[in-house]
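Presented as structure tokens, the chain that follows is alone, the form predicted on its own.
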């Protein structure tokens, strides 16, 4: 059995994952959860910005993909039990 080193994800794959995480964050109906998901995605990518080791980059990318799947499932669950009243932060001022 040979041990093949994982290839680092391309820049396009990383940016696609980042955009997907931000899009999924926008699907949460609650302002606080939506902002938390967005902030967590941005912070996670900032934390791993300087990763140059291909195996570490591959691990961070796979961790991001698993977090995306969790966020997608949670967005569906939260949409089923969304509050009837909008948050003060969601109400548009005139």
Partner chain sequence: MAFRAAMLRHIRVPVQNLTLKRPILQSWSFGNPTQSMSSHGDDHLDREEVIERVLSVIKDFPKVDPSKVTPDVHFQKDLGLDSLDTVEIVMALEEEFKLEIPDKEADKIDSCPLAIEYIVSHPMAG
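Computed from a predicted structure; not experimentally measured. Residue numbers count along the first chain shown, from 1.
The protein also exists as the form predicted in complex with its partner chain; that form is not presented, and the subsequent description refers to it.
Student: Would you mind picking the one in 76, 70, 22, 82 that has a heavy atom within 4.5 Å of its partner chain in the predicted complex?
Tutor: So the residue touching its partner chain in the predicted complex, by this definition, is 22.
Student: Looking at 26, 55, 66, 32, which has any heavy atom no more than 4.5 Å from its partner chain in the predicted complex?
Tutor: It is 26 that has a heavy atom within 4.5 Å of the partner.
Student: Would residue 61 count as touching its partner chain in the predicted complex under a 4.5 Å heavy atom rule?
Tutor: Contact with its partner chain, no.
Student: Would you check, heavy atoms only and a 4.5 Å threshold, whether residue 89 touches its partner chain in the predicted complex?
Tutor: Judged by the heavy-atom cut-off of 4.5 Å, residue 89 is well away from its partner chain in the predicted complex.
Student: May I ask you to state whether residue 16 is within 4.5 Å of its partner chain in the predicted complex, using heavy atom distances?
Tutor: Contact with its partner chain, yes.
Student: Just checking whether residue 40 would be counted as a contact of its partner chain in the predicted complex - the rule being heavy atoms within 4.5 angstroms.
Tutor: No, residue 40 is distant from the partner.
Student: Could you run down 33-58 and flag each residue that has a heavy atom within 4.5 Å of its partner chain in the predicted complex?
Tutor: Contacts from 33-58: 42, 45, 46, 49.
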